[in-house]
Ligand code: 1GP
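A lone chain, given as C-alpha cells: the form predicted alone.
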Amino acid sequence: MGNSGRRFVSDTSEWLREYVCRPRSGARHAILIDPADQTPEVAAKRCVAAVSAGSSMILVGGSTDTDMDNVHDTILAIKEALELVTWASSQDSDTEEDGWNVPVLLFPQGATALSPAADGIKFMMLMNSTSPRFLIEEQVAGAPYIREAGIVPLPMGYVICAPGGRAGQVGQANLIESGETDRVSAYAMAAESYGFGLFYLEAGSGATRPVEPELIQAARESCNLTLVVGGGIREGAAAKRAAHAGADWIITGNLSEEFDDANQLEQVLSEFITEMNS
C-alpha cells in the first residue's frame, strides 16, 4: 500500500505543505506522469499500480508537448481512479483506505500546462537557467490562474545537473557539472534564503546517469529544505544511493513508461521502493 500517514483533503493547504515538505524517516517515492507520452487511461492505471506499490505522490507534467487539455484530462483520470480505489478500500475492513489518499501535483513545463483539478503545484524557479523566462516569466504568467483555481503552490528551487537532457536544453540551464559541490551548495543556500520549501536536483528525463551522490550530499549539508532528486534513476540501487546521500523524495518517470502491464509495474516499483529504503 501507499504510505500516506493521514487522510488527504484537497482543500487543506496546510496539510499538503506538511505532507510534501516535512522530512520523514526514509526517502519517499513519487511517480512522474507525462501526459504527452500516455493516454489518461493508461496514466491512471500506472498511478494506481504505483500507489499500491508504495508511491506517496503523483506528479503530472514535464514535457514540452503538454498543454492545458492533456494535463487536465490526465489529472482527472488519475484522481477518478484513485477515488474509486479509495471507495472500494472503505468497503473492506482489511484494507488501509488512507494509503490511497496521495496528492496529485502539477510539475509543469510552463504556464500553458496547468489544471484546476490538481491538488497543488511545484511552483518552481529554474535557478540555473540563463533565460528570464524560466527564472520568473512563466511563473508570473501562471500565478493568476493558480490563484483563481485555488491550486496550492509549493515553492521550489529547481536546479538541473549534467547530463541535463531535454530539460536542460529547453530550460537553457547552465548545468551543474560533476564535482561542483561548492556550486550546488550555494544554490541550496540561495533556495533556502528565498524561503522555498523544496530543493530539486534534476539530471534530466531519460538521463544516462543520475545526479551524483556527492552533489546530493553537498546540497543536504547546506540547507534544511526538503530535498528532491530525479532523472536517470531506473533501479533501486541508484535510488538507495540518492536516499543515503540525503534525498527526501526520489522521482521516477521513464521507469513507469517501460511497463504496459499494471501488475508488472506494481511489482517492479514495490521492489524498487523496498531497495531504496533498505
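What you are looking at is a predicted structure, and each value in this text was computed from that prediction instead of being measured. Heads up: residue numbers just count along the shown sequence, starting at 1.
The same protein has a further form, the form predicted together with the ligand, not shown here; the description that follows concerns it.
- Contact with the ligand, judged by heavy atoms within 4.5 Å in the model of the complex, is confined among 241-249, 42-50, 227-235, 213-221 to 227-235.
- Among heavy atoms of Gly204, some come within 4.5 Å of the ligand in the model of the complex.
- Although the partner is absent here, Phe107 lies within 4.5 Å of the ligand in the model of the complex, judged by heavy atoms.
- When contacts are judged by a 4.5 Å heavy atom cut-off, Phe196 does not count as touching the ligand in the model of the complex.
- Remark: Asn254 counts among the residues lining the ligand in the model of the complex, judged by a heavy atom distance of 4.5 Å or less.
- Residue Tyr200 is the only one in 185-201 with at least one heavy atom within 4.5 Å of the ligand in the model of the complex.
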